[in-house]
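Quick setup: one chain, the form predicted alone, written in structure tokens, and binding and motion questions come after.
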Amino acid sequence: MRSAGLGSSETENILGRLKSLFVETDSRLIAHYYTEGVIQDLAEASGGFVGDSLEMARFGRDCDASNLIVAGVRFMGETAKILSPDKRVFMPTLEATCSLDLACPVIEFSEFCDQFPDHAVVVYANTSAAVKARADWVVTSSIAVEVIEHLVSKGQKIIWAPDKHLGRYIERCTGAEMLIWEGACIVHEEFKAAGVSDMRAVYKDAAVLAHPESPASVLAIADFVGSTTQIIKAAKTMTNSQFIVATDLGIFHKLNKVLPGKEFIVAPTAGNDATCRSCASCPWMGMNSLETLEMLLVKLADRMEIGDSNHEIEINEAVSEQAMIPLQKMLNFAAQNKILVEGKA
């Protein structure tokens, strides 16, 4: 449910009410780059944060608010709760999920891992708290290659989950041979190399920026492959004035905001006969809107009790503590190796 249909005066009224409700409820809004622009702007204007999933969770952990409002998808809310167990974490709707999370149910994944007890289990941040708790390492796209290189250097066999495209990209970068779970992002999997090549013929000076969840054929023709935050940084540092971008449409708000003098073009996700040249928009991210945010904050202002809504993230304490172990292992590895860890998604 996008907020785009609201008139400008109605939008301004809602924004004003939301800013007051953040103060009243001692809440901070942490939003992902893939949410719509008005939500990203609201997060920054109200003392919140916009970033990748792990960046969001770390901001929530370090800020002084007692309540965190996560505008993103459910695994992001769970990651925020894992890092901030003493804070209450809410989302506009808990129905906002992720195809990678759905593709890796913990029971089936655990049974798979049990067949290979000599393998280190490395999972992407785009997974449930329960799957993280089953893992030896949790990684983001910005540090995955370094972690796998480290494990390979120690002769460690590896299970990777859940994104197959990112897993195979890591294999190509590191030379590792991993057992790869067959999951995929419904947005990134639809990018088409042929369409990108055709677009490049029109925009001859454009560089291609791609997220590693995209198919190998797209990554092979990209000028830069990296996480969401890394894509933004690449656009800042590269000299090109035009970029074809293969990731969710939500990132265009931040790109256009920080680099107004450059042009960003959506990579195609469909063939020549499609009615939509690019449908690169996560439907679950679209469930975050000004209206759903206001409904949540009004409930919270009315002293919403724990467990009485479909908004609050709750994780079994033992699962949360276990999931924190592989997350902390990644953070320690990044600190020791002076690697800047950014979230996915």
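One-based numbering along the sequence shown. The structure presented is a predicted model; accordingly, all values stated were derived computationally and were not measured.
Although it is not shown, the form predicted together with ligand 13P is what the next lines describe.
- Comment: 211-219 is the region of 211-219, 257-265, 85-93, 111-119 lying near ligand 13P in the predicted complex, near meaning a non-hydrogen atom within 4.5 Å.
- Not displayed here, ligand 13P is kept clear of F191 by more than 4.5 Å at the level of heavy atoms in the predicted complex.
- The closest heavy atom approach of T228 to ligand 13P in the predicted complex falls within 4.5 Å.
- Among residues of the shown chain, D52 is one whose heavy atoms approach ligand 13P to within 4.5 Å in the predicted complex.
- At a distance threshold of 4.5 angstroms between non-hydrogen atoms, M76 is in contact with ligand 13P in the predicted complex.
- Of all the residues from 26-48, those having a non-hydrogen atom no more than 4.5 Å from ligand 13P in the predicted complex are H32, Y34.
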